[in-house]
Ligand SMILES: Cc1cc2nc3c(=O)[nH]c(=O)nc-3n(C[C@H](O)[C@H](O)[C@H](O)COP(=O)(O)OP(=O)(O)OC[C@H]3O[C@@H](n4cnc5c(N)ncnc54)[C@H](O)[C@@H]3O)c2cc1C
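First, one chain by itself: the form predicted on its own, in structure tokens.
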């Protein structure tokens, strides 16, 4: 038996579920396909390794989706300040939420809890229908609709299919959409630690001759440490026993970290830049990591995905208001125009940062120190950078108003 719906979303992660909730609240009938249920939350659970820095604009979107209250009821760590400095130079830039009249710059939240909060919000909406566990097996696209065959034996017919199924998107593959991609020459080692100092209200990133190091505050006496290193060095560090690994952290990370009482988890992930060659085809569109992945240096990956959600929701709601076909290519391309340039700009900016702050000799260290010092000593520039990072600058304020759909 075939089920009929307005929009079929493949992928029930953070981006897919946020889109489902916002569209259902706006009156669309939505089906979501996801392979695995998120693990339920318990306060005594260990903190996850993968976390995201949620911007103010993304907070607004999550609130519109009905999920932000759920996030706060579990675990979220606000931060008011951010510091970026060069360990071997004179550059030192500090950002403060008070400079832009905001109580916080953002929140550090575990990725699993973001997905779980959105999942709970979706379960409360009658117009969201969940297929889980299930995955996409085949797509048939015609001029009037798309038909998807799922692994649970169901067939879903929709006016539009959205690929929100991650960097290795099956939707993108079946649509024969190519990607431009390359791996960076470093990997990110991530460790969750228990610290002697209580939770800080600051995130910081230090650039060293061997690569960047970062601290993201977590609840209580906890922090997430990110250490960018060559793949060989990451493998060596992960092979150390806990005592030797903690000794390496204390020896290498700055004194701002303080003492570490225990290691609670560690792992690593490769850094890859990907960009889909197009976001849209007739009756099919990509969002989030299915469309783009980014170097995580500035912590903007999940925020770009949430802004995709805001722009796509705005596009589809506007098309319906005008009695236009939501699966028409020119409608979907208007979403692509809103987001592709913004995403490409952010990707390119992260490439510049990667090369500017990678281990180097000669004039480059002086150049990056000068850039950090310039940002610190020009308050208007610093305010602009702060507003952009939080989603309060450029095109983002319009999309941040997605909360009006509630």
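This structure is a prediction, so every number in the text was calculated from the model and none was measured. Residue numbers count along the first chain shown, from 1.
The same protein also has a form predicted in complex with this ligand, omitted here; what follows describes it.
**Q** Quick check for you: of 60-68, 22-30, 341-349, 35-43, which stretch puts a non-hydrogen atom within 4.5 Å of this ligand in the predicted bound form?
**A** Single hit among the candidates: 35-43.
**Q** Examine residue 212 and determine whether its closest non-hydrogen atom to this ligand in the predicted bound form is within 4.5 angstroms.
**A** Taking the distances in the predicted bound form, the answer for residue 212 is no, it never comes within 4.5 Å of this ligand.
**Q** So in the predicted bound form, is this ligand close enough to residue 182 to count as touching (4.5 Å, heavy atoms)?
**A** Result no; residue 182 lies far from this ligand in the predicted bound form.
**Q** Using a 4.5 angstroms cut-off on non-hydrogen atoms, would residue 217 count as touching this ligand in the predicted bound form?
**A** Although this ligand is absent here, residue 217 would stay clear of it in the predicted bound form, with no heavy atoms inside 4.5 Å.
**Q** Residue 282 versus this ligand, in the predicted bound form: is there a non-hydrogen atom within 4.5 Å?
**A** Residue-level check for residue 282: no, no contact with this ligand.
**Q** Which one, 156, 113, 188, 326, lies within 4.5 Å of this ligand in the predicted bound form by heavy atoms?
**A** Contact check passes for 188.
**Q** Mind listing which residues of 110-141 have a heavy atom within 4.5 Å of this ligand in the predicted bound form?
**A** Heavy-atom contacts within 4.5 Å come from 111, 115, 134, 135, 136.
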